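Next comes just one chain, in structure tokens: the form predicted alone.
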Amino acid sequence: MNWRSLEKLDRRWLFLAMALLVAGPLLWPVGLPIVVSSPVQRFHDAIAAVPDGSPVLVPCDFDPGSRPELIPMMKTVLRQLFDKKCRPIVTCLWPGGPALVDQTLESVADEYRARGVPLESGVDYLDLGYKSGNEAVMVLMGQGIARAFPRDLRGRETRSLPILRDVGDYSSIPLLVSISGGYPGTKEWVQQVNARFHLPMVSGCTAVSAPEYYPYLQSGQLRGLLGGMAGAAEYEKLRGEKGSATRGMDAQSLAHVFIALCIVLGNVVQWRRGTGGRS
């Protein structure tokens, strides 16, 4: 190998190669193998165990900065719930997130309407929107969902909505699915709701925050965990979907391999220079 040519390689070729490795799989998925981990299997099984038709609380606490990781898992969660005719009740405690969360909820509902399933907001699902207060809102919901959110995102009085007729507080809900980008998020739902009201929980979160939640998984306070795009891709595989997380993992994996290769070659070139072994 001509090591001297590597030393003089224009770095713009590296940028071009990286761009192709990222953009290519997003447009034409490679289909790299995905192995489903135990926390993801438990996440899927916990939702599958919810009785059909039940209300399920889905706090979506993130903003557009976490969109690539959390939107794919939120969509797959909603599809699994709608397939079971469960009624997702969505909230958001991040001021920058309600529009994105509602857009995602409606896009999944539109998928079902296009297939002839007449999902109706306020009857089959509900977006309660944003409320400030963080942990105080979580505790207040334990005294009544409608009390904490007198009106939903669209300004309707929540007490009059059919979806909440049999939903009072946390005791009416069999499972909480936290989609979390940070604070407030999964950690606070565990501390304020799971610990106080014993509401079973699962969590989908960003990759950087997942290690913080593994102790909750070990203690049983979380019944399942999706960590970042990898967790979302494993969840898509379990559900038989090939969504944006699966395509994203192709791009991410190839990019990581390319970066590792560049690091190895760079060190070899420097080692040969140091030993005077350049050809």
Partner chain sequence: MIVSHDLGVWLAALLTLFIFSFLYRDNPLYKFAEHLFVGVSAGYYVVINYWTVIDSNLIQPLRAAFGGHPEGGPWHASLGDYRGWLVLPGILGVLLLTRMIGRISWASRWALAVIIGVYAGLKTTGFAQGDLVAQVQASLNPLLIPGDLWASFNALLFTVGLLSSLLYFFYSREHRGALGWTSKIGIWFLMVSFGAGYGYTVMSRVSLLIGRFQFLFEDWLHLR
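The shown structure was predicted, so the numbers you read here are calculated from the model rather than taken from an experiment. The term rigid core refers to the maximal set of C-alpha atoms that superpose within 1.5 Å between the two forms. Numbering follows the first chain given and starts at 1.
Form predicted together with the partner chain: not shown, discussed below.
- In the model of the complex, the partner chain sits within 4.5 Å of a heavy atom belonging to residue 15.
- Though the partner is left out of this view, residue 206 does reach within 4.5 Å of the partner chain in the model of the complex, counting heavy atoms only.
- Within 4.5 Å of any heavy atom of the partner chain in the model of the complex lies no heavy atom of residue 54.
- When the partner chain is considered in the model of the complex, residue 40 lies well away from it, no heavy atom lying within 4.5 Å.
- Within 4.5 Å of the partner chain in the model of the complex, a heavy atom is found for not a single one of 104, 162 and 241.
- Only one segment in the set 106-114, 195-203, 119-127, 171-179 has residues whose heavy atoms sit within 4.5 Å of the partner chain in the model of the complex; it is 195-203.
- In the model of the complex, the partner chain lies within 4.5 angstroms of at least one heavy atom of each of the following residues of 15-46: 15, 18, 19, 22, 23, 26, 27, 29, in sequence order.
- For residue 36, a C-alpha deviation below 2 angstroms is recorded between this form and the one not shown after rigid-core alignment.
- Relative to the superposed rigid core, the position of the CA of residue 254 differs between this form and the one not shown by 2 Å or more.
- Expansion of the residue 113-residue 27 CA spacing by 3 Å or more is recorded in the model of the complex, set against this form.
- Compared with the form shown, the residue 208-residue 263 C-alpha separation decreases in the model of the complex, the change being 3 Å or greater.
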